[in-house]
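Starting off, we have a lone chain in the form predicted on its own, written out as structure tokens.
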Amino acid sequence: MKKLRCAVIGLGMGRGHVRGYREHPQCEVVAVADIDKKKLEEYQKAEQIPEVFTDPVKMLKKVKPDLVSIVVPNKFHLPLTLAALEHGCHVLCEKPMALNAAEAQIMEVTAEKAGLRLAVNFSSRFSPQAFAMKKLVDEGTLGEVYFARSIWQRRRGMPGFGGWFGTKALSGGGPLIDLGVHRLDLALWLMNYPEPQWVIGSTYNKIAAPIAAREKKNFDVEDFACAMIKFKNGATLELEASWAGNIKPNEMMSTRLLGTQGGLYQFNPDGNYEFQLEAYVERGGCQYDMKLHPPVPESHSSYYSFADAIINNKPFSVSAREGVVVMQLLDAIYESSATGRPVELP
């Protein structure tokens, strides 16, 4: 059986994409591109990558992969996605989808016209806890979900000053667009992506800016962001994201949903990347607590799942449209922070 030929552009987080595609028995990684020639050659030797390129467009022309992962600074998501689509490739783009919603819409429309798949790597959906949460919501265990709070905060978890993460022209923003995007999508997915009505948000740079100034390094994005999103169905979502904040533990991630018949809470109790899931329900006038215990049902990564959807011609849980909606909300939060006023969504 012919295998799906996959390629990856970007060798930072792109290493995870390579591992993910190789988990699928019907996938093969045929090429990797990165601007760092030395790092690329070392990786090729260690991982036995058939071909490597410092020019991603040359890779697309020569190798002609079926599926391409775009894993580069956010500024380059748009041009490289368009290049991959132009060469007939399905695309899995790292989050955030683009620098802003206007770019994301161009990517979405181009993929639709080409008849190709375009998805965003919202990897938080693909944990065992996330699948369990979604199952409970879809089964109606929570009843009507009317409120959610989703956060990702770090005590001191700032990217290196002077790098692309802290440069707005390359990243589009700070922890809101880097970390908050994951928790935002997870909450929206669990809520079945209700239509937003308005957004109010604030961003701050109280801790990182003085440090960057002392080190004489560029850092022109926020280090903390918060927002409230009101939906047309009456539900509300609160969102918080930070690289620097005086909190405990050092890293705090959680998503909480409140419904008329029950609630859900996913969190990392020890400040690491190990999550727990609890559910709270009322039945017959009595309150009950439930906890997800191992072993949990098997789940596959976003990379495996996207490739599998292409191979078997079946739906993938993340759509380009959802990536656009997330970008519209992020844009609105930044706009609200800049103007000091709520932003109405069309």
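In case it trips you up, residue 1 is the first one in the sequence shown, and so on. Everything numeric in this text was worked out from a predicted model, so none of it was measured.
From this point on, the text means the form predicted in complex with a small molecule, which you will not see here.
Residues Gly12, Asn74 and His77 are all found to lie within 4.5 Å of the small molecule in the predicted bound form, as judged by heavy atom distances. At the 4.5 Å threshold, heavy atoms of Ile35 reach the small molecule in the predicted bound form. Using a 4.5 angstroms limit between non-hydrogen atoms, Asn121 touches the small molecule in the predicted bound form. Within 4.5 Å of any heavy atom of the small molecule in the predicted bound form lies no heavy atom of Tyr265. Residue contact check for Gly166: none of its heavy atoms lie within 4.5 Å of the small molecule in the predicted bound form. With the partner left out here, the small molecule still marks one of 132-140, 238-246, 211-219, 91-99 in the predicted bound form; by a 4.5 Å heavy atom cut-off that stretch is 91-99.
Between the small molecule and the residues Lys39, Arg321, Lys64, His300, the one pair within 4.5 Å by heavy atoms in the predicted bound form involves Lys39.
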